[in-house]
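Consider the single chain below, provided in structure tokens and representing the form predicted alone.
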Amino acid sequence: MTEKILNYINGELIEPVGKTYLDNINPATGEVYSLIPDSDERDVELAVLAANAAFPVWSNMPVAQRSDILLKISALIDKNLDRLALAESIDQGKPLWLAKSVDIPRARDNFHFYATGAIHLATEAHAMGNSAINYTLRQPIGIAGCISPWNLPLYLFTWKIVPALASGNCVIAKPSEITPMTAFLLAELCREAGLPKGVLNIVHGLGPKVGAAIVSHPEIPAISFTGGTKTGEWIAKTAAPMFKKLSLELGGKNPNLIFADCNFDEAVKTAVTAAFSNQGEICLCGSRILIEKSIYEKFKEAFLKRVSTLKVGDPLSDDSRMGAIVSKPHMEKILAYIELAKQEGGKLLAGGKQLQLSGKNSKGYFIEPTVFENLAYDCRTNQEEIFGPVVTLTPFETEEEALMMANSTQYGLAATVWTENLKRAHRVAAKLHSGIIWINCWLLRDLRTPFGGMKNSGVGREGGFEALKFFTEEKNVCIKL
């Protein structure tokens, strides 16, 4: 029988109020393999009631005690790593080896980092000579609404909910309706770890129903969202008049700048990884590769040679470097952008087609790694987020031209720079309009660092103590001596 996913409200796994469900499709086979609650505002209201009831006990619980519970969940994720990784691979389409090595370990580490970090969160005191002293209190906001995307399901789901929980808040969370399975399995682990009822509530369903109900609910004062820029615009318009705290991590169209003095082999290898990891479905992927003209042809040849070795196949196969696109509509969107690139005069160097696999994967959603050149830096293909295995190669002659191209989009999430010139590295990093800059590396993450973008890539920062602070209200207390 098809597995039925349930909502997690007030510590119980329950059916949606409306008793209706949506199909959850395995993207590698194109077949329905589970059902997801088609929840609505009634389910969100139940979650709000549960969270409000749980908040007084959870917020007043000693931070060390909250930390112990979150550490138990971290340990249970580690204990169930293989099970969770398999579920993630089936649900999202990513290679199983990637889910095992990156996604699930990161979810485990998110719990561990914030469980321990909350213990060390400090506040400030300011003495006014001998006349008065000011000190700052940081207190949990209440209920946090956390809405996470489909590309790194458990990784980014925990990235949001754990700092909110560690700060003493209760949470109402909506995972993507496209990839709900690991959030459902996490609910079981939370029950096993003894997380008090109502502290974490997971409501499954569609954005226009569940997401909208969370964002607009008057008793949810903080919203943390990762997803598309258009949805982020709607959330901002809805939440701003209600004076809610907002953290929005939105789109990206990230440049990868390759200077002639780079470590060539390392730059080529990492550029391929940055372009096609997780089928290009990572907001941090380097989809615009800008290459200094003197090494353009050499780089192109080496890049294409490495791309040709990437096997697209069954996500459960150990030798598949790329798996399935997350859904049929998203696959069709990517294919439409490939056609657009051709219309804009792009020269197709590799890929460009949907792949038809055999056997159980014959109806799956697979696309070849695709590379274009000869496209203007300001064409739609180079300006709009495709979020798939499509990259462009573009030559530049000067550092100033490279920066102009890199900064030309509406986005400003991440950028990568390859150079062995230390002065250039500092100079270019300072001038790039991106919230995250990697020099001679990509996706090297320290959980203590702030994470977020500029321009249309979002508002606010996640990560480190930034996230713990976001989910609290600051209160200054001044005492006259």
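Since the model is a prediction, treat every value here as computed from it, not as a measurement. Note that residue numbering follows the sequence shown and begins at 1.
The same protein has a further form, the form predicted together with a small molecule, not shown here; the description that follows concerns it.
- Among heavy atoms of residue 252, some come within 4.5 Å of the small molecule in the predicted bound form.
- Proximity of residue 438 to the small molecule in the predicted bound form: non-hydrogen atoms within 4.5 Å are absent; the residue sits far from the partner.
- In the predicted bound form, the small molecule sits within 4.5 Å of a heavy atom belonging to residue 234.
- Looking at residue 151, you'd find a heavy atom of it within 4.5 angstroms of the small molecule in the predicted bound form.
- Partner contacts here mean any heavy atom within 4.5 Å of the small molecule in the predicted bound form, and among 303 to 311, 221 to 229, 335 to 343, 370 to 378 they occur only in 221 to 229.
- This chain is drawn without the small molecule; in the predicted bound form, the residue among 145, 175, 95, 389 with a heavy atom within 4.5 Å of it is 175.
- Interface residue among 211, 180, 364, 198, judged by heavy atoms within 4.5 Å of the small molecule in the predicted bound form: 211.
- The three residues 283, 413 and 451 all sit with a heavy atom within 4.5 Å of the small molecule in the predicted bound form.
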